[in-house]
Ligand code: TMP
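Below sits a lone chain in structure tokens, taken as the form predicted on its own.
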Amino acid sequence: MDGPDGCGKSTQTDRLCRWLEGQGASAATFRDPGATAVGEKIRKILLDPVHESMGADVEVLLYMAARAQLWKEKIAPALERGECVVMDRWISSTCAYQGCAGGFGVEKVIRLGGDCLERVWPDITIILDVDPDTAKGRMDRELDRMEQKGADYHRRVREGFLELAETVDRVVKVDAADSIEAVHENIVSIVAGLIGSEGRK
């Protein structure tokens, strides 16, 4: 599950996990970066406004390091146990934020991901799309370092996500401006279709 800040990822990730469990599946969810001791320390560095001077290249490397640890420590074992893994962000975020908005380059992010990760893309990536004004209105809290970047940066982030939905297989867009329940129903429809197609193989 991915998308711009304020798109409702955490809410929809939680709802999807509960739906999967209601279908009899065992579901595990992790946030990226985070979910491991190493990942949480990296997350704190990345999101702390005190590190305002950090460049996109450094951000990419830190995100990828946290992701590699998360795969090794949490995701791979969960998959080996036969669990459905639902991620709150993955490499699609780095493509949109650092690759597109930060100017690092989307192709470079994907190439680096191929060098660092056991698996670059999930079975499905759902981009929750919302316009920047709506997203900003949903974030009624103190903003972290990434969220504090200007309106032009976040406009480019959204463009990066939308481009991924147009160009990368198994990346799909869902309108996140709808009600929470409507967005959830759209997500369930996509995931149910994926499960059905996998079962027929």
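What you see is a predicted model, and the numbers here were worked out from it, not measured in a lab. Numbers follow the displayed sequence, beginning with 1.
From this point on, the text means the form predicted together with ligand TMP, which you will not see here.
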Partner-proximal stretch of 63-71, 50-58, 169-177, 128-136 relative to ligand TMP in the predicted complex, 4.5 angstroms, heavy atom: 63-71
I'd like to know if residue 184 sits close to ligand TMP in the predicted complex, meaning any non-hydrogen atom pair within 4.5 angstroms. no
Counting only non-hydrogen atoms and a 4.5 angstroms cut-off, does residue 43 reach ligand TMP in the predicted complex? yes
With the cut-off set at 4.5 Å between non-hydrogen atoms, does residue 146 touch ligand TMP in the predicted complex? yes
Though only this chain appears here, would residue 33 touch ligand TMP in the predicted complex if you measure heavy atom gaps against 4.5 Å? yes
What are the residues of 97-134, in order along the chain, with a heavy atom within 4.5 Å of ligand TMP in the predicted complex? 97, 98
